[in-house]
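Take a look at this single chain in structure tokens; it is the form predicted alone.
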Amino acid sequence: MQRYLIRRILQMIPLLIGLSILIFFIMYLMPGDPIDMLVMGNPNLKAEDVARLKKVWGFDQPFLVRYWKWLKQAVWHRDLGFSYHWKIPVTQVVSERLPNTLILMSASLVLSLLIAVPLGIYSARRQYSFADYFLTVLAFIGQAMPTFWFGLMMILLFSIYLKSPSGGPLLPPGGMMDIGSTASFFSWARLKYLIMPAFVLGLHNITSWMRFIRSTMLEVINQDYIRTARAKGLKERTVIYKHAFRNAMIPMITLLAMSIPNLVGGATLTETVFAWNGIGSMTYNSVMNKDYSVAMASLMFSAIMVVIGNLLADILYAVVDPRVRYD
């Protein structure tokens, strides 16, 4: 396993370099730059002043020169650059927002598993029943529902139409905490801000995982070893969760590991709708404001999450299935 991990990590290096070139090239093709945004805010700047600023910041240089400077600065000096929009170093912007995104992703992942796994097993055990058809229809609706629209509908329902006993909104429409609040994260004053964003972010995972678990469980529960377990007199709960569910989870591992980068991508819309101060909203704002350094950092973070998700899936295969070895 150790040699396999070393080999995979070494393979990640050229892959990440290639992804960084692609992302940087896409950003390079975007019209405008931070200096143009500065001109829009200050029309009194002369053309020669604009040209001088672009030369100072290196925006007049060709693609390969600009990419090499960024790569050398990021790798050798561990400096991701300066944010033109927030007026602080990129590392500071990312370090302030990354924990918030990780909290939202973790909550969404746990919530998705807590909902999708029981519903998938329940649907498989009652195949072709009314409950099975009802859950299938809900899954199709959830998969087809746009994230931003569902988020707005959640705000409309729980923040405008439904009221708390005190007369305020049942759940806050956005933000991360009350203004001036010093409550701990696990208090209701903080958790109430996490409920809607976590559920909206995990909606597609819930619906797709539920259908996937149903299909894999249907394949497993008809196997001979499951009938043998029942013939031995084992409790149905033991048969389902100890024997059937563990084997049904093996093909689920890839889907679970690859959902991690999808959560990062989905967080862009979710965090923007709910004003959640994380990496997703940072990506949106940096792209809209031509803040290339921040956009590169956030997009490379998503790329790294994809690569780590693949590696994590391979490792979890060996953990769940003892027949898998990487020696």
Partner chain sequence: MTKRLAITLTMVLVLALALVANGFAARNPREIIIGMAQEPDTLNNMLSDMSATSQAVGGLTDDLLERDGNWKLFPQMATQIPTIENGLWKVLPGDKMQVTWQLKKGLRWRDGREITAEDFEFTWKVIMNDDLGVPSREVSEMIEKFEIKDKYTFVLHFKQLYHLANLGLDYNPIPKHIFEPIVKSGAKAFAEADFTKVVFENGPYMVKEWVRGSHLVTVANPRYNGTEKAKVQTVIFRFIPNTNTLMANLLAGAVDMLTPVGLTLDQGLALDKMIRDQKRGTDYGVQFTTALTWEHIDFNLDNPWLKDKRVRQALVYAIDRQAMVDALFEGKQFVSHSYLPPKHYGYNPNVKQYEYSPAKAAELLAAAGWKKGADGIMENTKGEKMILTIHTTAGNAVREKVEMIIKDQWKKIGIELKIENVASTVLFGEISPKRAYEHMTMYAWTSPPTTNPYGLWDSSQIPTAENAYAGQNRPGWRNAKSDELSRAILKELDEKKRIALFHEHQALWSEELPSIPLYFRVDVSATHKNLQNVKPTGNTTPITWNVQNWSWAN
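So that the term is clear: the rigid core is the largest set of C-alpha atoms that superpose within 1.5 Å between two forms. Given the structure is predicted, the values throughout are model-derived calculations rather than measurements. Numbering follows the first chain given and starts at 1.
Heads up, the form predicted together with the partner chain isn't pictured, but that's what we're talking about next.
Exercise. Looking at Leu80, Ile155, Leu255, Ile103, which is the one with a non-hydrogen atom within 4.5 Å of the partner chain in the predicted complex?
Worked result: Looking at Leu80, Ile155, Leu255, Ile103 one by one, just Ile155 meets the 4.5 Å heavy-atom criterion.
Problem set entry | Stretch in contact in the predicted complex with the partner chain, which is absent here, among 136-144, 211-219, 188-196, 242-250 (heavy atoms within 4.5 Å) | Stretch with heavy atoms near the partner: 188-196.
Exercise. Wondering, does Gly233 line up within 4.5 Å of the partner chain in the predicted complex on heavy atoms?
Worked result: Gly233: no contact with the partner chain in the predicted complex.
For this session: Give a yes/no on whether Thr238 approaches the partner chain to within 4.5 Å in the predicted complex, heavy atoms considered.
Result: Flag for Thr238 set to no.
Exercise. Within a 4.5 Å heavy atom cut-off, is Ile26 in contact with the partner chain in the predicted complex?
Worked result: Because no heavy atom of Ile26 falls inside 4.5 Å of the partner chain in the predicted complex, the answer is no.
Exercise. Are any of the heavy atoms in Val273 no more than 4.5 Å from a heavy atom of the partner chain in the predicted complex?
Worked result: Result yes; Val273 sits at the interface with the partner chain in the predicted complex.
Exercise. Within 4.5 Å of the partner chain in the predicted complex, do Leu45, Arg52 and Pro89 each have at least one heavy atom?
Worked result: The answer is yes; Leu45, Arg52 and Pro89 each reach the partner chain.
For this session: Note that the partner chain is not shown here; using its position in the predicted complex, name the residues of 194-208 with a heavy atom within 4.5 Å of it, in sequence order.
Result: Stretch hits: zero.
For this session: Take the rigid core as the frame of reference and indicate whether the C-alpha of Val56 shifts by 2 Å or more between this form and the one not shown.
Result: Comparing the forms between this form and the one not shown, which are aligned on their rigid core, Val56 does shift its C-alpha by 2 Å or more.
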